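As a starting point, one isolated chain is supplied in structure tokens, in the form predicted on its own.
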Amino acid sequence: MSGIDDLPPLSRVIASHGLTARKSLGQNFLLDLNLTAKIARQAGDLSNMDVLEIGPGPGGLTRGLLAEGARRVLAIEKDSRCLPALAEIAAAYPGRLSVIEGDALRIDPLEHLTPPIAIAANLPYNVGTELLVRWLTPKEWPPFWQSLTLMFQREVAERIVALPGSKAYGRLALLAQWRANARIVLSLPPEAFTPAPKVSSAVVHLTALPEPRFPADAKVLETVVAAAFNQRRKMLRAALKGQHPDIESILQSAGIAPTERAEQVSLEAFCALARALAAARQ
């Protein structure tokens, strides 16, 4: 019996099902159930929420979410070896856990979820950033989710919450902070995982804003930010010259010196630039 429910400890679950972590799937298992429950608590009160979990593996975080009171958990797992272990959790929490086998990048979970919805996951390292960008850039805002509680490599977590002037500041920070409040809520050392990765990890909690922090066309903003940071060592007048023939004047109209570099420009200024560029193109 584990400390949070009547199911066996995760180490025993992994041994009984032969679940060695696979590098090809970006797997690093978190075995301490007290720690997975702590991560689940960072998501807030889930008692009236459906929770989407990506890559549950043997179900450590899944059990944490259920034990902490999540109304229902939908887990998407690519590794068929993990399904029997997840079935045991589903049996222990009747009617509260559904599991879909498949690739989270190719599955639309919305038909299986009832709002309000939170997302909580120890994301596989190889798809974490791509999933985050998708969740931050839907066609319509507000998104289907109210909050994201996600584990990343520490370096990626720092990029999400970075401020102007830092080396970590870039496209990910701007996408996240334009439409959400983002903060690092927990740090984990490599030895917390099996096998231990070469890097530290961190949990980021993001809460969706009802509307973007500053007005801007999403596609124009994304294009400008990507172009600016793809050549972050260059001055903006050079990095953005492909955006408009008179980019220097547009930068100046947005209150940005053409000689500045992308990492010096605030989110508010990038939004002003996106608006000025959209107006100039009309």
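Bear in mind the structure is a predicted one, so any value in this text is a computation, not a measurement. So that there is no doubt, residue numbering starts at 1 and follows the sequence shown.
Quick note: we don't show the form predicted together with a small molecule, though the next part is all about it.
A.B. asks: For the chain shown here without its partner, which stretch in 237 to 245, 220 to 228, 253 to 261, 55 to 63 has non-hydrogen atoms within 4.5 angstroms of the small molecule in the model of the complex?
C.D. replies: Selected range: 55 to 63.
A.B. asks: Just to be sure I understand the contacts: of 76, 180, 118, 97, which is the one whose heavy atoms reach within 4.5 angstroms of the small molecule in the model of the complex?
C.D. replies: Looking at the other structure, the residue within range turns out to be 76.
A.B. asks: 150, 176, 85, 104: which sits within 4.5 Å of the small molecule in the model of the complex by any heavy atom?
C.D. replies: Spelling it out, the residue with a heavy atom inside the cut-off is 104.
A.B. asks: Any of the heavy atoms of residue 127 lying within 4.5 Å of the small molecule in the model of the complex?
C.D. replies: Taking the distances in the model of the complex, the answer for residue 127 is yes, it comes within 4.5 Å of the small molecule.
A.B. asks: Does the 4.5 Å heavy atom contact test between residue 42 and the small molecule in the model of the complex come out positive?
C.D. replies: Residue 42 lies outside the contact set for the small molecule.
A.B. asks: Do residue 136 and the small molecule come within 4.5 Å of each other in the model of the complex, heavy atoms counted?
C.D. replies: Close contact is absent here: in the model of the complex, residue 136 is far from the small molecule, nothing within 4.5 Å, heavy atoms only.
A.B. asks: Is residue 30 near the small molecule? Define near as a heavy atom within 4.5 Å, in the model of the complex.
C.D. replies: Judged by the heavy-atom cut-off of 4.5 Å, residue 30 is in contact with the small molecule in the model of the complex.
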